[in-house]
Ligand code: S3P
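One chain follows as structure tokens, the form predicted on its own.
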């Protein structure tokens, strides 16, 4: 684990014109290892995000008997097909800070009657697991957990899991993926009716690998059908940059002075690009060029220039495809002209921290006017926001909060001490180095 540190910032970033690559997509990196572990043969990936979260996924699979190697920049996963984990009773799996790993790996354990203990760090152990426990119980899994249905949990699968029909109304890719993984190892056809489309990297990768998964559009919903116990072959993957990571560089450029950035080879999957759609509605100068399809994912280069931004009444239908980017999006709204409104954000308080409540608290601390009501927030933007005081910000070990406040400090001034910033390494290890490359000044202590 990374040693704890804070970030000190007391100078604004100067104008810049840079070309960068951001780290590989975290969602796709997780899913590569999990899906490749179920494939037949050796799967290979280039561009894996080597963050703490993804390393926990690698280590968890190794505990389950999966051979994983790194050779000449590529990761190799030696898959032995479905239900091929080597398990023993009372095996413990440490998920660290990764909600994706915690919720997805339990689905892969559906056909193992052994007992497993799943746990994480202090932050992850507070996050809800009932959203995956309830549908997985219908497959025949058993769970022992706290009254709040949080980790640590003791679970066991079934010798004879049964397929289910599930209505996914949360808009959670983690829930959907966990059910899909359980379905792969269950005889018969499992069906998922998706009411609110969420990121679809699991479906894309499984289809790319040749798994028996079908998707139909029925009215406004997706119907996903998975035929279980049908082996699929190994595959090779090239992983693009993460748009959630690119978002911080998009924001710091938009809010900067006469600046420009080109971020190459970024995943612009239509279930993930909500932040681009919202920023363009706010009159951001953003263009995407060199668009192509790579390994089932849409990829392009994003060009951004400093812009005079307008407020937005954010459409609720864009929330599921922007959920991870709202902290930095709200920083942008604090500098836009007018009052921005974001609603339908209850999922934000179920992340690494209660993000909606925390960003509201931080804005109050630095003097940005807001109105918070239930799962909605109004942000009173000020294009001339110029902070002068000293601020000690508790990021509550939330990587996206820490990086968002970093961008606020770089573009709005003031003396900032961002506590618990080591959480950045869970998702974006090169963040600080890339910020230094474009001219950001800071000190780590």
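Residue numbers count along the first chain shown, from 1. If you're wondering where the values come from, they're calculated on a predicted model, not measured in any experiment.
Unshown form predicted together with the named molecule; subsequent notes refer to it.
Engineer: Residues in which of 108 to 116, 322 to 330, 223 to 231, 359 to 367 have heavy atoms within 4.5 Å of the named molecule in the predicted complex?
Structural biologist: Of the options given, it is 322 to 330.
Engineer: Could you tell me which one of 300, 163, 171, 354 places a heavy atom within 4.5 Å of the named molecule in the predicted complex?
Structural biologist: Contact residue from the list: 171.
Engineer: Using 4.5 Å between non-hydrogen atoms, is residue 56 touching the named molecule in the predicted complex?
Structural biologist: Because no heavy atom of residue 56 falls inside 4.5 Å of the named molecule in the predicted complex, the answer is no.
Engineer: Using 4.5 Å between non-hydrogen atoms, is residue 131 touching the named molecule in the predicted complex?
Structural biologist: Result yes; residue 131 sits at the interface with the named molecule in the predicted complex.
Engineer: Any of the heavy atoms of residue 100 lying within 4.5 Å of the named molecule in the predicted complex?
Structural biologist: Yes, contact at 4.5 Å.
Engineer: Mark residue 43 yes when one of its heavy atoms lies within 4.5 Å of a heavy atom of the named molecule in the predicted complex, and no otherwise.
Structural biologist: Judged by the heavy-atom cut-off of 4.5 Å, residue 43 is well away from the named molecule in the predicted complex.
Engineer: Select from 31 to 49 the residues with a non-hydrogen atom within 4.5 Å of the named molecule in the predicted complex and write them out in sequence order.
Structural biologist: The one in contact is 31.
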